[in-house]
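One chain comes next, on its own, written out as structure tokens in the form predicted alone.
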Amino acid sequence: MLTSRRSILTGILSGLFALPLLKGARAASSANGRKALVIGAGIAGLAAAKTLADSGFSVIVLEARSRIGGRLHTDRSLGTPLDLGASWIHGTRANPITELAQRFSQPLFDWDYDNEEVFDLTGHDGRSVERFEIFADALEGFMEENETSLSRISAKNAIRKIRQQRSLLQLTDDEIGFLAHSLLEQEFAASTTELSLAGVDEGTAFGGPDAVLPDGYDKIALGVSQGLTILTEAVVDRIEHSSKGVSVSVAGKVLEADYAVCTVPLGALKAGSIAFSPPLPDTKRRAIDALGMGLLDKVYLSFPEPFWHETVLNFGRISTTHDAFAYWPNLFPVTGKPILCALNAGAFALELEKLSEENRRRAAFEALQTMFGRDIPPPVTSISSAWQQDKWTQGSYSFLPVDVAPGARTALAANLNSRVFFAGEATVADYPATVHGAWLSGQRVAQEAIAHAR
């Protein structure tokens, strides 16, 4: 069941539970006596709900938005599926998201990052592959030499020290700025000033190429949601817990269950959008405060026809403004539509969010004109994301700031009384900031609840 009208939420809740859902009144037990409430219908919440339901739990998913998917958000207003949130499956070999795509008959388009054209507006054309290799090799060497202190060194200071060692003499300041933004800031959705080398080195990865989903990433969320009870526009504002169970406040009612799984994004936890009683322990509160919530936004421009090389997948833009419109995926090979996408991260993305859609479109088009010439046709229309302004997310995905150890993720993931479990990309050390990491975290906490209930 998928419901999206707040006006009938109370009636639905009353129908789902046999007793009035007032403080102190326990809802009717399921056949096996186990009930769970999952807060958030993003991929982590859906993974947890599906795993619990398959194990015999009675499960209700409470989603604050009017749609499911969380940061899997596909827009079709330009006549083709365009992902405003997650776009790529990172490493398709043995990746659980690849398996889900296959299960739901979703095609994949392998993404070749080496298929690129770099526009160097500073006059150093023709060295794109060489530039990437020089920068990556120098950074990797520096990290190996300083592996015991990675948490204490920012990516920016690392680059400065590498330059002092005269390891990047082949590159100009603008080239280094472009590479730092493309390989670090966009990858981790954070400025090199904030991002630690421990964050750069964090986690593991699946093998194989990356891929995008031509029919939209939301197809994965919709596929997993089938058969689940999901209430949308159901805003949770309080979770009470004890060794005996949980009480969750939503829409003026209190739902009681044996377990709760909290999958709200790190940004919402930082904002304190949900109160906990008893309050969160200091270790978890410190982890929430310490971890960084990054920002990566997209601007999609739709044109009358392509004016670029249609088969080139990636366009780069080296300029004196290193963080402004530096990377452009070409969606024409994926969608058959003349659409380009600008990815922007960190401080520049935050500035763009302050603009109207029209002004974002204008700024992106002006950047394209510096690459392809002043006579290119203007875009017909555009759409863009603004994840920092999204009250339910308040950012894109997590990262490790300077002086924050990877153990902060473990503290964030710790459960409360073996009754309230925490999942989501920010809680996983192996695959942080990825869809598959969020999925695996949801499965993990569901298995913990199942084990506790035995």
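In this text, all values refer to a predicted model and were calculated from it rather than measured experimentally. The first residue of the sequence shown is number 1, and the count goes up from there.
From this point on, the text means the form predicted in complex with a small molecule, which you will not see here.
> Note which of Val236, Ile318, Val246, Val224 lies within 4.5 Å of the small molecule in the predicted complex, where distance is taken over heavy atoms; exactly one does.
Result of the distance check: Val236.
> Which pick from Val264, Leu368, Leu352, Leu171 sits with a heavy atom within 4.5 Å of the small molecule in the predicted complex?
The residue in contact is Val264.
> Do Val435 and the small molecule share at least one heavy atom pair within 4.5 Å in the predicted complex?
Yes - in the predicted complex, heavy atoms of Val435 and the small molecule come within 4.5 Å of each other.
> Test of understanding: in the predicted complex, would Ala324 fall inside 4.5 Å of the small molecule by heavy atoms?
The answer is no: Ala324 has no heavy atom within 4.5 Å of the small molecule.
> So in the predicted complex, does Leu84 come within 4.5 Å of the small molecule, heavy atom to heavy atom?
Contact with the small molecule, yes.
> Can you tell me whether His90 touches the small molecule? I mean in the predicted complex, with a 4.5 angstroms heavy atom cut-off.
Flag for His90 set to yes.
> Sort through 292-300, 354-362, 308-316, 376-384 and report the only stretch with a non-hydrogen atom within 4.5 Å of the small molecule in the predicted complex.
That would be stretch 292-300.
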